[in-house]
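This document starts with one chain, in the form predicted alone, laid out as structure tokens.
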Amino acid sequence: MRDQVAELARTDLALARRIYELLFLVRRAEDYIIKHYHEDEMKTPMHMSMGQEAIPVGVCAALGEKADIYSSYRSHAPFLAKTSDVEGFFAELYGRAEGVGGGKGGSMHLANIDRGHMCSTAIVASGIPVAVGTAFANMRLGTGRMTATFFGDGAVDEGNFWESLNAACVMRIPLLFVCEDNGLAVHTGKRQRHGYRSIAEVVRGFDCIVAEDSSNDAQRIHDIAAGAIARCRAERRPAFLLFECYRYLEHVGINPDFDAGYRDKRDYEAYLAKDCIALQRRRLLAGGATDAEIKALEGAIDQRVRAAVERAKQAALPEAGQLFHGIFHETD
């Protein structure tokens, strides 16, 4: 235990604080979704990120601003970790015109291209090949931008994933394949889906960088991602990052679902004991931050999220004429 505390105390406090801010922003935003969803003003299904925040936060902190990411329908954490755009986020969930999708995309179709979140997609694995195309374009154009695609272990069951991985390896395209491995495709575990023991071992047969982690530690994930990004650039090839995680809530919705019988609550309790936000808070304290400073940071984020919700509730709905806008190419 003393060694762990010593390791935490050696941390870069500025980085630790930034990671904590992002973790707390994502968690608090979803807290407010849970608080208000019963009011039936957010007319969109919710695939919550709660419990899985460490992966998008750690990776996006390593990517920085000069990067493009794609995410799955479990989009809240990747979107907020990359953009911090909680105002556009809630406006979209409430279906308002000032939402990041003009109020038409909802939770599963978020995008803020100016801040590097290219899109989230509802169809499993559908964003992966698009990310490969973006990474290829960035490579050929010499933009210096890195690309990452986030997906669950269920996406590994799709041909899109394997074809995209193969193409990226053959064409030596630098990008991150980030697998958020919560062990489930909706309610089905890996033993019922995979005819192999380890995703990482299969992927190691390809010409790419492979790293694994099960710590649920956002700062450790940051360090792994940062190392992978450096190698991707230097070696000009992709990386596959496999991070184990656990979603606290049901597949779609805001409630726990342990009564459904497909998973054991003891697994939840084990992950709760290493909750990524509690771990990062301890790191800040060990690194020299005071409890008062952390509470002030939390209070400022809470105030911002609360204001974003209230603003979204009062914002204008899109006009009927906008229904088909943005579907086809338009000159305006």
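Just so it is clear, the structure is predicted and the values come from calculations on it, not from any experiment. Position 1 is the first residue in the sequence shown; the rest follow in order.
The same protein has a further form, the form predicted together with another copy of the chain, not shown here; the description that follows concerns it.
For the candidate spot formed by 256, 272 and 298, no residue has a non-hydrogen atom within 4.5 angstroms of another copy of the chain in the predicted complex. Scanning 87, 212, 157, 217 against another copy of the chain in the predicted complex with a 4.5 Å heavy atom cut-off leaves one residue, 157.
In summary, among the residues 229, 249, 169, 242, the only one with a non-hydrogen atom within 4.5 Å of another copy of the chain in the predicted complex is 169.
In the predicted complex, another copy of the chain lies farther than 4.5 Å from every heavy atom of residue 233.
Contact check for residue 195: a non-hydrogen atom falls within 4.5 Å of another copy of the chain in the predicted complex.
Proximity of residue 144 to another copy of the chain in the predicted complex falls outside the 4.5 Å heavy atom cutoff. Residue contact check for residue 223: none of its heavy atoms lie within 4.5 Å of another copy of the chain in the predicted complex. In the predicted complex, 202, 205, 206, 207 are the residues of 200-236 with at least one heavy atom within 4.5 Å of another copy of the chain, listed from first to last.
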